[in-house]
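First comes one chain, alone, set out as structure tokens in the form predicted on its own.
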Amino acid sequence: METTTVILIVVSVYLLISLMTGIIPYLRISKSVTGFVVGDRNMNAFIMYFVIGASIFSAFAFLGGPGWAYSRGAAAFYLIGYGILGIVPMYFLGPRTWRLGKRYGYVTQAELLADRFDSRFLSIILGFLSVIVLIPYLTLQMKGAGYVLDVISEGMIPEWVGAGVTYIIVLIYVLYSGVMGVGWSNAFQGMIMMVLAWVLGLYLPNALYGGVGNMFSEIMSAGHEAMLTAPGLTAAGDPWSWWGYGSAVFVSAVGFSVWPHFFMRSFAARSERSLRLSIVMYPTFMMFLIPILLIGFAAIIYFPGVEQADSILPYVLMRLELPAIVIGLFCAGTLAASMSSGDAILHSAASVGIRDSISKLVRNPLTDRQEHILMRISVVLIGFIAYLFAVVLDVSLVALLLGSYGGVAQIFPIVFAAFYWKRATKAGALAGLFGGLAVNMIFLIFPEMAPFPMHEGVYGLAANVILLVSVSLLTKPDAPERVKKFTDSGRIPE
């Protein structure tokens, strides 16, 4: 049997198992908005562990991580840096979010913040902002899946077909099972990602260099010292400044903790204990980035001159003398990275778009059934829009995604203030959010205006905090009863 045929059979089996794993939870959850969005608040620690890990580290990490190590060297450790720091706020914010969600019925981030600051307008804005930043994130997952299938089939499966087939499967189980389908499939996909990342990440340095230590020694001897010197290189190949590196880690870590599809998983946990346990265990999942980066470093000497750095993983796979079934498994692992984030993003964008924006714009309140139906329609619509970006429109979405971290990070100050600062007001929250977004956008479009070579999100956060504090102090305090239930949320009985 031809190598390509064997690879495609392995990938097809993986896709079939993913589909079945995602559909099975449909039999166990209620057919309500709460069931669709937060799985009836019944996710155990095992599922939460993979949902938290797999929903963030995506095709961008599985393909982009080795690409950064291959082309930018030590700069790739940025991924590990922001991942470690980004989970810390969730240890404190997550349990408070879970308690409030259980008591008051919240299922989204914007819903919680809109109630804290008594602002329907804030809910609508956060809902639209969430969808806007999640669509390019979803698009990248589709592009990654399409690219992998195109490479392993040697062009037999065009990117547009590969992305379409993969995400039709994602669409089906998200439509049927909502967040529990995302959770179960993430557990399956996450285990595949972790095992295959470690196997290939340790195999390559040993096969090509005789070990990880020898690999780095040979890279040094070959004159690539700059690749191993922190903080690494820029995309243009110049040394990356500590200003740029440190600010990128900081903004990404801040944004990481408030990504809407990540934050709202706190509402789905079965208990506060299971949520805390999954957060504490999360770094063990993130360790899969170490072998992922080793793949990129291993290719520096043996596979020079690859122009599209993000393609280095499938490029290397197709040039190693590995059994076809093994190559198929590694390709399945790359698809798992894409799908495990894509399903979470698709589900969250649809849920937030309807729950926090559309439902607030209609005159009469939506019934639970109407809201549920609209969320499912939104899943199809958002999936189609992202697919168009992925395979039809010629848009630089990687730059858009990296820039979106600065926008997402602007949500953090109002989340923090909602729980920890009683004097924060609606006017202050709105001023901080809009001011931070505006400043972030200005420096994103005109980076030459920045006094220091830092990520534009830092300037946005500075403006955000200044406006939040100053406007809050200059305006009338919010109702004490409303504020107290949030600032005292750490003392709500479980």
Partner chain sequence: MNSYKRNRIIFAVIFVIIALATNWPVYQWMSGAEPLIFGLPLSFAWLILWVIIGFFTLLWLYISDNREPEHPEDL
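Numbering follows the first chain given and starts at 1. None of these values were measured; they are calculated from a predicted model.
Below, we refer to the form predicted together with its partner chain, which is not included among the displayed structures.
**Student:** Spell it out for me: taking its partner chain in the model of the complex, does every residue among I345, V379 and Y387 have a heavy atom no farther than 4.5 Å from it?
**Tutor:** Not a single residue of the candidate spot has a heavy atom within 4.5 Å of its partner chain in the model of the complex.
**Student:** State yes or no: in the model of the complex, is some non-hydrogen atom of V362 no more than 4.5 angstroms from a non-hydrogen atom of its partner chain?
**Tutor:** Taking the distances in the model of the complex, the answer for V362 is no, it never comes within 4.5 Å of its partner chain.
**Student:** Considering only heavy atoms, tell me if R273 and its partner chain come within 4.5 Å of each other in the model of the complex.
**Tutor:** It does: once its partner chain is placed as it appears in the model of the complex, R273 has a heavy atom within 4.5 Å of it.
**Student:** Is the gap between I80 and its partner chain in the model of the complex 4.5 Å or less for some heavy atom pair?
**Tutor:** The answer is yes: I80 has a heavy atom within 4.5 Å of its partner chain.
**Student:** W242 near its partner chain in the model of the complex, any heavy atom under 4.5 Å?
**Tutor:** Although its partner chain is absent here, W242 would touch it in the model of the complex, with heavy atoms inside 4.5 Å.
**Student:** Quick check on this chain: which one of V199, A207, A187, L85 has a heavy atom within 4.5 Å of its partner chain in the model of the complex?
**Tutor:** The residue from V199, A207, A187, L85 that makes the contact is L85.
**Student:** State the residue from I124, V161, V306, M287 whose non-hydrogen atoms include one within 4.5 Å of its partner chain in the model of the complex.
**Tutor:** Spelling it out, the residue with a heavy atom inside the cut-off is M287.
**Student:** Which among 148-156, 126-134, 90-98, 174-182 is in contact with its partner chain in the model of the complex, heavy atoms within 4.5 angstroms?
**Tutor:** Of the options given, it is 90-98.
**Student:** Where, within 294-329, is there a heavy atom within 4.5 Å of its partner chain in the model of the complex? Residue list please.
**Tutor:** Result: L294, F297.
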